[in-house]
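The chain below stands alone and is given in structure tokens; this is the form predicted alone.
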Amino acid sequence: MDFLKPRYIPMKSRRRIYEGKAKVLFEGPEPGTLVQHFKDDATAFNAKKHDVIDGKGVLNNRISEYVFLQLNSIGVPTHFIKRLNMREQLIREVEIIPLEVVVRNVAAGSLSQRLGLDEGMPLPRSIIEFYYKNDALNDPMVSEEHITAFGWATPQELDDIMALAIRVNDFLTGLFLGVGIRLVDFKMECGRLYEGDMMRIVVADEISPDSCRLWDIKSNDKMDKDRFRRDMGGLIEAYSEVARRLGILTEGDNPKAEGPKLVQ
């Protein structure tokens, strides 16, 4: 099986496996693979706020591809195989663990609200939080005791998840710092990848401005989905600036281009 040269099947011809708020998963060209399609939908507050922003899916696809390629290159296991076109990625099929893993470096968002902390206050150390993935319950915060008691993950899997979260945080902090961006916090999802009789925990879903808080180091301008949450406007411009600083986009690139288009 050659993952690097997949048989491309147009989106309309593929079987839909799952649709979330910002992405759709389709059956992949080979067993054990899926195609992850990035939509232009923007949601906040558990989809209570919703809009469609042209080009957002293209930017998230490109940025997430870049981050996952970098993680793969330093030995962090992920579900990512390759980008197929403007809006789609080929990924390994994993069993998603029903947890959102949030790593916080600076006080912001719900942490500031819960604990009365000034937004922007550096934390004494990075903090890892877990949230149970359940839209009907508004993704409640849970403890390690909840996770192991209800069987969402074993103690060993939790250790693996936390180790991955720390490695990803260290890497992303340096990556963004190098282009003048502060990584305030980010959300990560993990999955179980089965390979024969072996199973390992890998980073899944996406890592993009949709799932990170990114502030310009000099101005503290927000370059992430808070621009949508807080009705600040300029979301595409902010995401495009992140992509440009990472060297993904040039001035001539147009994230609003209609897709998907095959990349040669």
Ligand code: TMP
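Throughout, we count residues from 1 along the sequence that is shown. Here the structure is a predicted model, which is why all the values come from computation and not from measurement.
Just so it is clear, the following notes concern the form predicted together with thymidine-5'-phosphate (TMP), a form of the same protein that is not shown.
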### Query
Only one of 182 to 190, 169 to 177, 153 to 161, 82 to 90 gets a heavy atom within 4.5 Å of thymidine-5'-phosphate (TMP) in the predicted complex; which is it?
182 to 190
#### Entry: Of V94, I97, A108, I147, the one that lies within 4.5 Å of thymidine-5'-phosphate (TMP) in the predicted complex (heavy atoms)
A108
### Task
Work out which of H37, R227, R213, R62 lies within 4.5 Å of thymidine-5'-phosphate (TMP) in the predicted complex, going by heavy atoms.
R213
### Message
With a cut-off of 4.5 Å between heavy atoms, is Y131 one of the residues that contacts thymidine-5'-phosphate (TMP) in the predicted complex?
### Response
yes
#### Entry: Any non-hydrogen atom of V102 within 4.5 angstroms of thymidine-5'-phosphate (TMP) in the predicted complex
yes
### Query
Out of 22 to 49, which residues reach within 4.5 Å of thymidine-5'-phosphate (TMP) in the predicted complex, heavy atoms considered?
none
